[in-house]
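A single chain, nothing else alongside it, follows as structure tokens in the form predicted on its own.
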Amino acid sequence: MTGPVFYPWSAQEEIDPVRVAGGAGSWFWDEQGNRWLDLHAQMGNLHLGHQHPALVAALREQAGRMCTIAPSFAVDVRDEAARAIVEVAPGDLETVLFTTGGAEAVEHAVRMARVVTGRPKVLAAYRSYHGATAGALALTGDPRRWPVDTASGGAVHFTGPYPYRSEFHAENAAQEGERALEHLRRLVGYEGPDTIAAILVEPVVGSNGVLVPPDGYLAGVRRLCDEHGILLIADEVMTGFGRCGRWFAGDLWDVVPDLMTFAKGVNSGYVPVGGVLLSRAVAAHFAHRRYPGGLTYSGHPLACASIVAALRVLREENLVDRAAALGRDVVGPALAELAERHPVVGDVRGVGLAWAVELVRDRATREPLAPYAAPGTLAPEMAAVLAACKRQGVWPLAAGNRLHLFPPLTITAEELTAGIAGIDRALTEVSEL
């Protein structure tokens, strides 16, 4: 019988969620004492791991001073959080609108783009996820959109680069980037550049496969936008604040968007928060024009206090550079060795501490182990792989035919090595069934 809690993305009477009793660092455990290495940092948001003392202390201190205040008032902690974000943001992204999560951030970034340009359409990739609110879900390309898709909202989808499964018959990554750009350019022409407000991209695609674009692709999208007066929106909800070994994934290619959405890593998810970074030009548009939007909990003091604390830890512990080094020196080599041992592994890819292991039935044909599907909808084969991982004490994310690794940035090299060894044993276990 369905209980009092309604669980998202689930058929309520077909789930049996693990009842978590606690967590610390890179680990969490249930009421029976079973422990798992959190290789996906919950929703990819626990950059600083479970129960980081600096964030817990910041929340306690702020709660003692001021728990909440309306967003129309100026508050020191809100100003401090915005300044801390702007200090690490690229280019002239100098102003922050706070939201309560990533989906709302996308909604407001798109609204700003439409208001500024006076145009209705937004282009987004098929292999993308931008949130579960109506507008963000319409822009999402993956199957989570299908059950409630109204084919409206001004969303137009395109195909982004995916070298391992090229839809452009590319022979290498460079060719894939060039052909994907040409496809996007043609689509802009078909739709009419003067009708397009923005192109929305995940600089590194997150839950749809950890797709790292070929060099030059994002710069090409930036040039295309500039050519037609289209705003570039970077969705950095999954990738921002060190996940990819730079403060933002777009920094890997020195591409600065006009609007950037963020959430998750900005405060490790300790309090719901997100936001939009506005370029100088976009912010100037609203200098003497009223912005048509707002949220009751925009810039919530508790959330802002956790942002200030989280960004201080990321800086002081040099976790952004450390994520790059762990990806390069630990995760990449270990996953490459894993792939050599297991024919079911078709591809491993990633950057920093964002990685995917793509599983196939046949390496030659690249037939996926499981069909294309939204995260949370697991085929039996992938359910078996995830169950084996859990038995080995590791908890990655299973999505479609892939395992995703987005561990806390505070994870140790030893924990990473042990975690990948757990996945190795799990794949062996499943292959022997």
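Residue positions are given as counts along the sequence shown, with the first one as 1. From a predicted model like this one, the values you see are computed outputs, not experimental measurements.
Below, we turn to the form predicted together with a small molecule, even though it does not appear here.
Residues with any non-hydrogen atom within 4.5 angstroms of the small molecule in the predicted bound form fall in just one of 129 to 137, 169 to 177, 86 to 94, 277 to 285: 129 to 137. Among residues of the shown chain, residue 102 is one whose heavy atoms approach the small molecule to within 4.5 Å in the predicted bound form. In the predicted bound form, at least one heavy atom of residue 202 sits within 4.5 Å of the small molecule. Among residues of the shown chain, residue 237 is one whose heavy atoms approach the small molecule to within 4.5 Å in the predicted bound form. Though the partner is left out of this view, residue 264 does reach within 4.5 Å of the small molecule in the predicted bound form, counting heavy atoms only.
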